[in-house]
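Before any questions on binding or motion, here is one chain by itself as structure tokens, the form predicted alone.
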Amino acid sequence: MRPYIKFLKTRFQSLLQYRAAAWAGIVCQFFWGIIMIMALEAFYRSSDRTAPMELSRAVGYIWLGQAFLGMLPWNIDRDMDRMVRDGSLCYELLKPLDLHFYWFLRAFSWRFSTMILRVIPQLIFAALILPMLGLGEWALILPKNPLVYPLWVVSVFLALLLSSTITTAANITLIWSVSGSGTSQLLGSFVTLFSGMVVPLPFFPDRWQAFLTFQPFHGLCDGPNRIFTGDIPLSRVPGEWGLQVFWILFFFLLGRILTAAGQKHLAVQGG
């Protein structure tokens, strides 16, 4: 495991260098979160029907989604896209490592570093600064039950693993598609819609709820966010974990199958 651990540490440290991009993303997500909450509040005020979530929980849902946006597998690794295009992917095949696990660690370090640079400033802004500015209705309300925090942290970690396995499987498709633009566009559309980033999943029609609960992208955003806000009771948390673990194993095995198949039929492009 020593080569994998060193690679994970080195890549994580290299990705933490992009602090300017992280701050730009943080500012953008501050404003985007406020815009989404303004639209959400207008929706609540204009409708006489009972909403599927309390407004305070929906606001917290939005802020958590913005804080963990960098963790979502909405695109492919641009470095791997470049390696496929210029032919340097062949050097990856020469490394005396388990190629799929190596690529999984690559995706894990990318998703984790992108997340960790943004999550703390976002949560501080949403939970502490907004109430100081007189915008308490738009603030993230912290759970009063201390048991929520460790359960939520476990769910977020499982979401990170799930995101990494999905990213890895998407990256491996570059072996066949060569260009990653199509994969990124399709993946981004499905992930942002069905994870709850665009609209919280409880707002979808009732007849969709069973499908939305069991589909893989639920465990990326919707599940962890609703655990934190209290929309999912603590008694249902083990079931949420079970769904996340199931999809983690599914995409991990899918990635291994795709890697084995791709190595047999790989055509190196460029140099």
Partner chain sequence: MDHIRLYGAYAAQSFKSQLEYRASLFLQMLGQFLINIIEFSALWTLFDRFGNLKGWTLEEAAFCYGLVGIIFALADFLTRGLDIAGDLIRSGEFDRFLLRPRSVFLQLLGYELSLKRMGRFAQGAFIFFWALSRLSLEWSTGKILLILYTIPCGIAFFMGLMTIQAALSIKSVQSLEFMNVLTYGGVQTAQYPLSIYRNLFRRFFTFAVPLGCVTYYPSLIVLGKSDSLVSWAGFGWISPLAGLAFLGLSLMLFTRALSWYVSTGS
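Everything numeric in this text was worked out from a predicted model, so none of it was measured. Residue numbers count along the first chain shown, from 1.
Another form, the form predicted together with its partner chain, is not on view; read the next lines as being about it.
In the predicted bound form, its partner chain stays beyond 4.5 Å of every heavy atom belonging to residue 238. Its partner chain in the predicted bound form comes within 4.5 Å of no heavy atom belonging to residue 260. A residue is said to contact a partner when one of its heavy atoms sits within 4.5 Å of a partner heavy atom; residue 243 fails this definition for its partner chain in the predicted bound form, lying far away.
Interface residue remark: residue 198 is counted as part of the site for its partner chain in the predicted bound form, having a heavy atom within 4.5 Å. Only one of 216-224, 63-71, 198-206, 230-238 places residue heavy atoms within 4.5 angstroms of its partner chain in the predicted bound form, namely 198-206. Heavy atoms closer than or equal to 4.5 Å to its partner chain in the predicted bound form belong, across 213-248, to no residue whatsoever.
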